[in-house]
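Only one chain comes next, encoded as structure tokens, the form predicted on its own.
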Amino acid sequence: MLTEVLSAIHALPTPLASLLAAQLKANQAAGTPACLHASQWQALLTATGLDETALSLALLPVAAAFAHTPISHFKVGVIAQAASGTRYFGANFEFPDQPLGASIHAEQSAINHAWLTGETRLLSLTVNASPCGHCRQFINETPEGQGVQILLPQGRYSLAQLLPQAFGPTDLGISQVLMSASSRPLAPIAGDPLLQQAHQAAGASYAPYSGCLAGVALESACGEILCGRSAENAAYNPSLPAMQSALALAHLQGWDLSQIRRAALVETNAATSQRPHAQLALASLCQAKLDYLRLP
């Protein structure tokens, strides 16, 4: 587990810190160190006597400790509550020597975390700073959209209150939404297993606007593999590319990103391509070569 996360846990009141540390250690062994399952959440409520709101706000420093901010040094933490009851941590991530637009916002990180884990509905986000317009637009792409609840230290708001007269998928004639869109089967490919996993991730990506389905697979120094996929947005700029999706998840899972051994990007032929930016983002963190396949 990240040193910063352990420090944030130990700074909490003893009953909460002890139980949380044990829970996250168990989850780390299972490969999911940055979330709390519904039963674990209930155990925290029972052990501490806190209500849902108080516990969510109390854990924000732990979520923020996952941040990687070499440029701004401003850490934002998010706890996303999925319909399953699991809470997913998210935090902002910045890329050294890259444009600010390459950054991953904390709200994107948390939603991406839940989505990649298989969640299909998002109920609320607890944030330690009011979401920027970029993030409000990204949240609006999820199934609940305007109904998502945003819990801040100063109060609770619906997304409709924070983003009135919103522009979303339906304004562009799109009926599917992020997290609930169906996977698209792509023609199978043979050969490199890493490319095959990126290919599978591409089929599950969300690209209703460009049509560029894209998936990334990363391989760690010890041979572990995880995948990310693109998540487009009706307003275009808040879209999350597949490489950022994968790197955000890898960081939350405690990977040493400088030791990534291999990376693969598979995308479908479209008017856009994620290859140039994927190469730059990867090169800012490690020496791994990007294997690439563009499907017809």
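These figures come from a predicted structure and were not determined experimentally. One-based numbering along the sequence shown.
Keep in mind that the form predicted in complex with tetrahydrodeoxyuridine is not shown, yet the notes after this line are about it.
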Report the stretch among 181-189, 74-82, 160-168, 118-126 that approaches tetrahydrodeoxyuridine in the predicted complex to within 4.5 Å, counting heavy atoms only.
74-82
Close approach of Ala106 to tetrahydrodeoxyuridine in the predicted complex, 4.5 Å, heavy atom:
yes
At 4.5 Å between heavy atoms, is Cys132 in contact with tetrahydrodeoxyuridine in the predicted complex?
yes
Even though tetrahydrodeoxyuridine is not shown here, does Asn92 get within 4.5 Å of it in the predicted complex, heavy atoms only?
yes
